[in-house]
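One chain is shown next in structure tokens, namely the form predicted alone.
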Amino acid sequence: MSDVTQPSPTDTAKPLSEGTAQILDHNYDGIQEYDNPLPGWWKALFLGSILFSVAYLTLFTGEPFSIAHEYEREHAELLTRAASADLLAGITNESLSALAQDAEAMQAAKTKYLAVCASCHGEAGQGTIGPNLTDDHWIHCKEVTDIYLTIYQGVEAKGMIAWGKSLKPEEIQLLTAYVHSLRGSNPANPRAPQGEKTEF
């Protein structure tokens, strides 16, 4: 027979240290175990990980974040770049900037601008319905060739039509150079800047 002294029920329920751990009221062959509560920080961390996983599954899964959706987005971006490269064949920032210095060409460009652009951007490019073209803030352009692409392709979401369907590439080049020449012209009553400040 084992001569291990069995603790009394009173002893088994008695806290060992400030109520943070106590001996359970059962034993096996004289072996007893402590009831050690988990630390508060551990419980908080465990609960936080559960809440984070629920939030992550709710917010960061599904269509906007799927691999298929990301593939489609990148594929569309590559097609857009390829189309842009085709449209810009032989057209560079330098060639458009040089065209903007040609006074005779710019006189013809101004006539075309007043006919097709002034209703939205103002006769002096100050902006009316459309944005101001004379400041350093641009919504869709980071370089001169972007102006060409914007005119050619339009911005459907903003109501700007794709002029590439009705104007010749040479006419769009003239318009691009003319719009580029308007920068810094400081017309009267300009529309407030829109987009990001861009230097080109």
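Sequential numbering from 1, following the sequence displayed. Every value quoted in this text rests on a predicted model; they were computed, and no experiment measured them.
This protein has a second form, the form predicted together with a small molecule, left out of what is shown; the following refers to that one.
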- Could you tell me if S119 has a non-hydrogen atom within 4.5 Å of the small molecule in the predicted complex? yes
- Is there a heavy atom of G130 no more than 4.5 Å from a heavy atom of the small molecule in the predicted complex? yes
- Item | Residue contact check: G159 to the small molecule in the predicted complex, 4.5 Å heavy atom | yes
- Item | Contact of H69 with the small molecule in the predicted complex (heavy atom, 4.5 Å) | no
- If we take heavy atoms and a 4.5 Å cut-off, which stretch out of 51 to 59, 38 to 46, 141 to 149, 24 to 32 is in contact with the small molecule in the predicted complex? 141 to 149
- Item | Three-residue site A76, L87 and K168 fully in contact with the small molecule in the predicted complex at 4.5 Å by heavy atom | no
